[in-house]
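This document opens with one chain alone, in structure tokens, the form predicted on its own.
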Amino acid sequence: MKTTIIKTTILAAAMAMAGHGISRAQQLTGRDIVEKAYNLPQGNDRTSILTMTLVNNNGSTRVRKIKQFYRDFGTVEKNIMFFLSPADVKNTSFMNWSYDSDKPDDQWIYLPALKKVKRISSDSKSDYFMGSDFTYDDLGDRKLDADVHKLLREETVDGIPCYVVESIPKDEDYMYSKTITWIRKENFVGLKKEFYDEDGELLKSLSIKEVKKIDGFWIITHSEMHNVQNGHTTIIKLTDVKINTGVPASMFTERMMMRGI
């Protein structure tokens, strides 16, 4: 399942629409369900304003405003975000390229104080992004067959019938030992996702609080990632979402990262 903030984020939990009334003989497998999520249409391009609220275990908050852009180039999906406020992170930018192949994502970050674009190495993918509860890997594209997906059960959460899918990585060195995702049976929109650490202990939980259908596309507009081990939470809200407006290819370059918007 694609789990980026900006896809979505993005990236992480909206599922493709599917038919109703599936019989036991036609039961979807765990991979079937995740494949529908992976292939969820997102439009050719998208822009939005992202409000990121960081909440520590004492309840203190920090709020960050971000402008983000997305475009699908066919063989590669490109995302870029620019921090607008507050002053200590203003003009910081981040870019992610996800490929329609087994090639790992390319990621870059620009820090104004260094006046240099830095490429995120594979060894740094488990680092947390800008003090949030999302790692750099979370912001990228988790390939469908990087995990073995198993439908664990069907259950009702807060009155919502769900499929519960467990995904175990094929790479034993991956930062998460497994993830478990709750997916609404009615329309295959994700409800929540749990991430387990290398010791098999619950590390954090992603809750999808609001999903809106905008111009025919399911968009996650409110999500919360809570780290159960340290009590920190990241709240993400999307506003001013615009789809298929013609975002130029020139937006997704290192030069633009340094230049800003």
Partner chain sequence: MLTVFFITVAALQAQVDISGFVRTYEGAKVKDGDFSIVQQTVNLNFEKRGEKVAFKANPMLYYYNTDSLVFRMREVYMDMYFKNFDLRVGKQQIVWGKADGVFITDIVSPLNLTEFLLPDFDEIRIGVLAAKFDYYLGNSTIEAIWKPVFTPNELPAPGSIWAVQPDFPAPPTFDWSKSKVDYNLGNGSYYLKFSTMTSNIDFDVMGAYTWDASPTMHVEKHFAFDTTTMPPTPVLTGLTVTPEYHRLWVGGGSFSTEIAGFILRGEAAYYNGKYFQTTDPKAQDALVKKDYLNYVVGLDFNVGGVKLSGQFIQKLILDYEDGITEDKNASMGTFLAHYDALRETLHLELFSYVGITTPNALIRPKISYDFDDSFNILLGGNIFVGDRDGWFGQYQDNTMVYMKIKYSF
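Positions refer to the first chain, counted from 1. Just so we're on the same page, rigid core means the largest C-alpha set that superposes within 1.5 Å between forms. Everything numeric here is computed off the predicted structure, so don't read it as measured data.
A second form of this protein, the form predicted in complex with its partner chain, is not displayed here; the remarks below concern that form.
In the predicted bound form, its partner chain sits within 4.5 Å of a heavy atom of residue 119. Using a 4.5 angstroms limit between non-hydrogen atoms, residue 233 touches its partner chain in the predicted bound form. Remark: residue 176 does not count among the residues lining its partner chain in the predicted bound form, judged by a heavy atom distance of 4.5 Å or less. Proximity of residue 105 to its partner chain in the predicted bound form falls within the 4.5 Å heavy atom cutoff. For the options 64, 67, 192, 36, the residue carrying a heavy atom within 4.5 angstroms of its partner chain in the predicted bound form is 64. In summary, the region of this chain contacting its partner chain in the predicted bound form, judged by heavy atoms within 4.5 Å and restricted to 81 to 89, 179 to 187, 145 to 153, 162 to 170, corresponds to 81 to 89. Annotation for 222 to 255: interface residues with its partner chain in the predicted bound form are 232, 233, 234, 252, 253, 254, 255 [heavy atom within 4.5 Å].
With the core held fixed, residue 250 shows a CA shift of 2 Å or greater between the shown form and the other one. After superposition on the rigid core, the Cα atom of residue 163 is displaced by less than 2 Å between the shown form and the other one.
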